[in-house]
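One chain comes next, on its own, written as structure tokens: the form predicted on its own.
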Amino acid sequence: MTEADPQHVQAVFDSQLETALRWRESTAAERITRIRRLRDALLARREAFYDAFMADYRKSPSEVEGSELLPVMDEMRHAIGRLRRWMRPRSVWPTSTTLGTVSAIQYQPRGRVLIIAPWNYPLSLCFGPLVSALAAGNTVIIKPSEMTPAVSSLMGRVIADVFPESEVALFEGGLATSQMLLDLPFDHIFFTGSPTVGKIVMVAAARHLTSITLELGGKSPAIVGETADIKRAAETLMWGKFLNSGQTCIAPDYVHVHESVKDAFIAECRKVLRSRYGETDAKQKLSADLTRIVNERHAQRIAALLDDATSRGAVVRSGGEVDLAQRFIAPTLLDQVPQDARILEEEIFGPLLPILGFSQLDTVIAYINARPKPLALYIWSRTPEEIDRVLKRTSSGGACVNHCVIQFAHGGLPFGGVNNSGIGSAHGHFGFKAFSHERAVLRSSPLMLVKLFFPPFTESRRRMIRRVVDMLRLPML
């Protein structure tokens, strides 16, 4: 693996300073033009991306369209259509103590930003934040994953077609390149990856007091209640879990199913898997719609989780086949998983789904709350009180009711984690704000009440100040 040249990286970083200062005054029209040029260059290489994803981990063109291109195109459309509104200063009414002033919040570019993207959705999770950074008026350096070399190389060519390196640059490489970039005093870092690496990024950012957005992961729980539409739950869960072969940060990591419907749910899931990927293990292995695991090391890790679970008594209800040479692991449903199995402690990030029976919802809520806050939470139920109970008593980055994963595609919602699953939000207006500094601007007038607080403090002035303080006990109008 070839690492980026340190002198070249430093030269590009230095060259982006002048651009970043100039782009503070960039107009909405100029920023929209950059996004449109990026969009056109991306679509011009559409077929090439099909080939690159097939080379890296046999991802089908349909899945490339739906899970990689579609989110980026929607992000672009959203930004182009709303950017002028987002950039407009927002007026703020004066408070009781600032009467006579005029205030507003202005949105400034943060400056030079770094985007570190992961391998599981290398295009979507690289170009999505890039659109937000450009909309906010920033220069950008991108570090894609070395685990998807074909896609990363192609993204680099797209970037080079559209931007000079003094505006946007992409550096391939591995750990050394990442460390090199993290040593630079960026104005903002946007990282998508695991909580473990997120902590490393946070430490690096702290050295320069750089602001950060961390899109992490964790074990996202799913709940199928007693009143759930079992067919709908199976159809949506089997899609959200096995999309990209389970290599999705918001994929359901395990599912609690009410004991009264568990057998029916498993039967429906088996039916869905057979209809989508093939009636037998052999046919599923030949399915063009099952993405492969990104590399053999990750396949071995997932296979080890499966072996550990079954050795401790877990029962395979569907799937279970492993072919490390082909990086293939069948969509697998696991029942009767013991609590000491590693699969219930580690993030799976693969096509294995533990199914846990329950009889009392409070037990499930306690189970979820005893673990780090997840990036997503899913519940299938037709009982509003049950849904409300779960949403109020748990915490997660986002949540879906009677569906899963689809919340990522809603550009009007903030996408992000909480604590262990992330810091900050992305997408749409929230992505624009992540890459912007919200600057408070107050304009004074001769009638400012604050003059009351200027010395010298006579007795009469002291009484007036006291009256003002006492007035603050009154409710706001």
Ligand code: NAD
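For every residue, the number given is its place in the sequence shown, counted from 1. Source: prediction; values computed, not measured.
This next part talks about the form predicted together with the ligand, which is not shown.
- Note on the partner interface in the predicted complex: the residue among Thr332, Ser178, Thr291, Thr213 having a heavy atom within 4.5 angstroms of the ligand is Ser178.
- In terms of contact with the ligand in the predicted complex, the residue from Pro252, Gly397, Gly217, Pro354 that brings a heavy atom within 4.5 Å is Gly217.
- Contact check for Asn120, Thr192 and Phe349: all three have a heavy atom within 4.5 Å of the ligand in the predicted complex.
- Taking the partner from elsewhere, Lys143 is found to have a heavy atom lying within 4.5 Å of the ligand in the predicted complex.
- The closest non-hydrogen atom of Leu375 lies within 4.5 Å of the ligand in the predicted complex.
- Taking non-hydrogen atoms only, Val224 never approaches the ligand to within 4.5 angstroms in the predicted complex.
- Leu125 belongs to the set of residues with a heavy atom inside 4.5 Å of the ligand in the predicted complex.
- Here the chain stands alone, but in the predicted complex its contact with the ligand, taken as any heavy atom within 4.5 Å, falls in 144 to 152 among 83 to 91, 307 to 315, 226 to 234, 144 to 152.
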